[in-house]
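Next up: a single chain in structure tokens, the form predicted on its own.
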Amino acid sequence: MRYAKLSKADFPKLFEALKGYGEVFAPVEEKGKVVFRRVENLKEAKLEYTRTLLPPKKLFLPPEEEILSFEGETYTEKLDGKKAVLLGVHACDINGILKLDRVFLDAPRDEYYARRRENTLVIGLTCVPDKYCFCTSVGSGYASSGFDLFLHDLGKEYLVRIGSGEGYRLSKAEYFKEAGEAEMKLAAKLEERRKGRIKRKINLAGMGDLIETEGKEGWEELTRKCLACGTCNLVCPTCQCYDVSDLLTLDIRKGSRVRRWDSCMLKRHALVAGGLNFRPTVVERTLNRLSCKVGEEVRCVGCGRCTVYCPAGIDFVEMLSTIRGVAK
């Protein structure tokens, strides 16, 4: 890992360099929520924030996209080759992207995701945690890879970790300076202080076994408030389920194939031919979701979005804590 430092007064110069690479998407405050959207000016960005409404995965896996169109016997794939920059991504979301990489970049490779991932620079930034964050309990509070540059806020300047060849190229600009021992020690001290602000803890040891082996007794009460709306899936940085539909003209000569995000909490998600459904109840769908997030592999990154944005007020950590308590 290489290191540098960047004065905040010189951040606009880096921003202009990033614009020279591609479209820049950064956290922006809109109607009281922070969202990633394209920005033309650094002043539009809100760099000190806790979490965005939707995770940055929407840049690599859009909520809805046309993946091909066809006319007669000819079809055209809609592969995105535009270069882009994701600016201001927190460690938990970078770790979420790495988990998606394993799904979409391992064989069979998803070319639509892969093209966007390869053409996008990721610029990480230290976060402002709140009471819903529990990233340190799931090992996502620090990003060791998955970024081109990672900026640690030191007050008047940033300590910059360089995570890729493109990041190294950017760091060769004259406004980047060599980082010394003082900056390294200050960054480590501030990182410990930031982690100390993350008070929420959860013990996931054996949680997958508890979910898999416990009977359904008590689960009705546990899921009683759930509206099965799928919001928890939509705001999750690591949910990757999608549906594919063909939209045809009446003469079926033309059409397009569209991919949309899907949700395992929706009843139709497990609907199969003949009208059968292998997860017809909210309890069964909740068991499936929890197994996916904290089962054999921990795929939760502790961002807290599913709790913050749940319209029924269901707290993910409290739910898991209840499961552990019931099992004792």
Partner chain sequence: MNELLPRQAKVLKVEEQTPIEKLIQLDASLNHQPGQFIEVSVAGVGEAPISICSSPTRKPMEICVRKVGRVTSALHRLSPGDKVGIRGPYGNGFPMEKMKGHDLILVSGGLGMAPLRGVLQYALDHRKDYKEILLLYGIRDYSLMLFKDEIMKLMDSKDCRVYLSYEKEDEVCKNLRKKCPERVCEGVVTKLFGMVDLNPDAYAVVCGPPVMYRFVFKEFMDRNFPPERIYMTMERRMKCGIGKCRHCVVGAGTSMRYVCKDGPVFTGVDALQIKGLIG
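Fair warning: this is a prediction, and the values are worked out from it, not measured in the lab. Each form is matched to the other, and the largest set of C-alpha atoms that superpose within 1.5 Å is called the rigid core. Numbering follows the first chain given and starts at 1.
Missing here is the form predicted together with the partner chain; even so, the following discussion is about that form.
Visitor: Quick check: do C241, R259 and H269 each get a heavy atom within 4.5 Å of the partner chain in the model of the complex?
Guide: Yes.
Visitor: Name the residue from L53, L42, C292, V28 that puts a heavy atom within 4.5 Å of the partner chain in the model of the complex.
Guide: Of L53, L42, C292, V28, the residue with a heavy atom within 4.5 Å of the partner chain in the model of the complex is C292.
Visitor: Tell me, which of E192, E221, D209, E118 has a heavy atom within 4.5 angstroms of the partner chain in the model of the complex?
Guide: Only one option qualifies, and that one is D209.
Visitor: Mind telling me which stretch in 149 to 157, 103 to 111, 126 to 134, 85 to 93 gets its heavy atoms within 4.5 Å of the partner chain in the model of the complex?
Guide: Result of the contact check: 103 to 111.
Visitor: Although the partner isn't part of this model, could you tell me whether E77 comes within 4.5 Å of the partner chain in the model of the complex, counting any heavy atom of the residue?
Guide: Looking in the model of the complex, residue contacts with the partner chain include E77, since a heavy atom lies within 4.5 Å.
Visitor: Taking the partner chain as it sits in the model of the complex, is L68 near enough to touch it, meaning that at least one heavy atom pair lies within 4.5 angstroms?
Guide: Within the cut-off, so yes.
Visitor: Taking any heavy atom pair closer than or equal to 4.5 Å as contact, tell me whether E296 reaches the partner chain in the model of the complex.
Guide: Yes, E296 sits close enough to the partner chain in the model of the complex that at least one of its heavy atoms falls within 4.5 Å.
Visitor: Would M265 count as touching the partner chain in the model of the complex under a 4.5 Å heavy atom rule?
Guide: M265: no, not in contact with the partner chain in the model of the complex.
Visitor: Scan 276 to 292 and note down the residues that get a heavy atom within 4.5 Å of the partner chain in the model of the complex; none is a fine answer too.
Guide: Stretch hits, in order: L276, F278, R279, L287, N288, S291, C292.
Visitor: Cα of E181 displaced 2 Å or more between this form and the one not shown, core superposed?
Guide: No; E181 is a residue whose C-alpha shifts by less than 2 Å between this form and the one not shown when the cores are overlaid.
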